[in-house]
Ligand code: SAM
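There is one chain below, alone, in structure tokens, taken in the form predicted alone.
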């Protein structure tokens, strides 16, 4: 069942329910059937798949996903949209729509599925980054995600050491996932047309990190702090963030094979992980 609305149908429904899309909330509705089909094709959905759709809105993707998947669970936080969408998919027994923010889901929801799920969504730009970090938190429960995100966020995800956009997001997604940009999306495929550029990104969850992480607790506790003061040298970051004397901090940094004068975005991932281990050793003494 095709639940994608034409621009005329969309405008009529929005007007009749007195819904005014909010740009600040990233409420832009997909109206291009070709783009819809491309997004879904990258997910390679089969009748064995359980799909979680983030922010289904007015169902541009939902009906077509339902035709291909075993079950679809859509999480939409806008009450007015949920009411309309529930009516639109009422004849689809394998679709379950909840008025809930995806970010509020706990692991209990994902544990009930025998196999890893697939995730699809057009992520509102103002919460794209928090949702992507949420993916990493629940990475044991999904195998693949195909999401439309702001191009500037995608650039931060695929950035390499030395690039000014390289930071914590790039490190984590490089270690824990395999990401690729499928294609760029014109603003004209949405109503209303957004002011930012978007891309469709395919993300595969890795079974194991690309580099061995010896102490996961230290990794999650220490690594984020190393990217919080981007303009400072790594020596100053280590000294300030972990309250270490400059001489001790310099020794720790150098033992990790890092030049103290470098900034965090200039440092290779393997050396940053070594630095995490060295800092953990010092703090645990």
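Since this is a predicted model, take the numbers as computed values, not measurements. Residue numbers count along the first chain shown, from 1.
Omitted from view is the form predicted in complex with the ligand, to which the following refers.
- Among the residues 118, 77, 202, 139, the one placing a heavy atom within 4.5 Å of the ligand in the predicted complex is 77.
- Relative to the ligand in the predicted complex, residues 161, 223 and 264 are all farther than 4.5 Å at every heavy atom.
- Taking non-hydrogen atoms only, residue 150 never approaches the ligand to within 4.5 angstroms in the predicted complex.
- Among heavy atoms of residue 30, some come within 4.5 Å of the ligand in the predicted complex.
- By the criterion of a heavy atom within 4.5 Å, residue 122 is counted among the residues contacting the ligand in the predicted complex.
- Of the heavy atoms in residue 88, none are within 4.5 Å of the ligand in the predicted complex.
- You can rule out all but one of 151 to 159, 174 to 182, 99 to 107, 211 to 219: in the predicted complex, only 99 to 107 has residues with a heavy atom within 4.5 Å of the ligand.
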